[in-house]
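Read the single chain below, which is given as structure tokens and is the form predicted on its own.
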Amino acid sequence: MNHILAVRDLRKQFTLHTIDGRTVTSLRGVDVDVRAGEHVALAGPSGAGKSSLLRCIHRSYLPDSGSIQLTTPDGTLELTGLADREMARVRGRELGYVAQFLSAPPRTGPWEVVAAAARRRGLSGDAARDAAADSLRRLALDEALWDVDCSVLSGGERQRVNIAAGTVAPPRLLLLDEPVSALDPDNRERALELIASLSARGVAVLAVFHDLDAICRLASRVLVFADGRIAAEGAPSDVLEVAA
């Protein structure tokens, strides 16, 4: 398997301007590799740096220092120095991100949200809409809701739309931040089965979970974070006691 993602010595600090200007360090020299078809789970307490790592890779946050390299068909890209327009292209085609909360344009329904994600990944016309429909059906979103403004959906419905958009025409690297936290047991099961199927398609997955059962089912490797660093690494059975 080839490396899809290589993170080296990543550091991120925040300045709390609205309080008294103090600084908070979120990442303290983090190294992470993810290979094609590998599912790497990030575990550990809230505030340990897990979501900050995902946001730096997605470039929602700009790291203070370090390297983030993504391997694509066009070569290896250094994401920390990529121009904004090129980074937007990479996000569309190569890098998917499922946050905890859905961000959708006003007055846009689930079908269009997911079809737009499919178009960014290279599908067009009917192929994009068909792929979107397949994703929404797989996650059991009622077809009566497909053209309803996403803002009126329940939290669980919005989370399923988010997962559908992240996994449609799957990207090379998928980042997941607590993707099943709002789902009932049946829909959680559907989502976990969908995420598990990505490995067989060669998708590299880096995911934040507090759900230890999900980690056991999905992850080939776990990185346990503590205070902005990786405190332990290994197979789920070896490190879950640390994560708990």
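On a predicted model such as this, the values are computed, not experimentally measured, just so you know. The first residue of the shown sequence is 1; numbering continues from there.
Separately, the form predicted together with a small molecule exists; it is not shown, and the next lines address it.
Look at the stretches 51 to 59, 64 to 72, 187 to 195, 32 to 40 and give the one with heavy atoms within 4.5 Å of the small molecule in the predicted complex.
-> Stretch 51 to 59 is the one.
At the 4.5 Å heavy atom threshold, is Asp211 in contact with the small molecule in the predicted complex?
-> Output for Asp211 is no: heavy atoms all beyond 4.5 Å of the small molecule.
Do Leu16 and the small molecule share at least one heavy atom pair within 4.5 Å in the predicted complex?
-> Leu16 belongs to the contact set for the small molecule.
Is there a heavy atom of Ala231 lying 4.5 Å or less from a heavy atom of the small molecule in the predicted complex?
-> Contact check for Ala231: no, nothing within 4.5 Å of the small molecule in the predicted complex.
According to a 4.5 angstroms non-hydrogen atom cut-off, is Pro45 in contact with the small molecule in the predicted complex?
-> Contact check for Pro45: yes, within 4.5 Å of the small molecule in the predicted complex.
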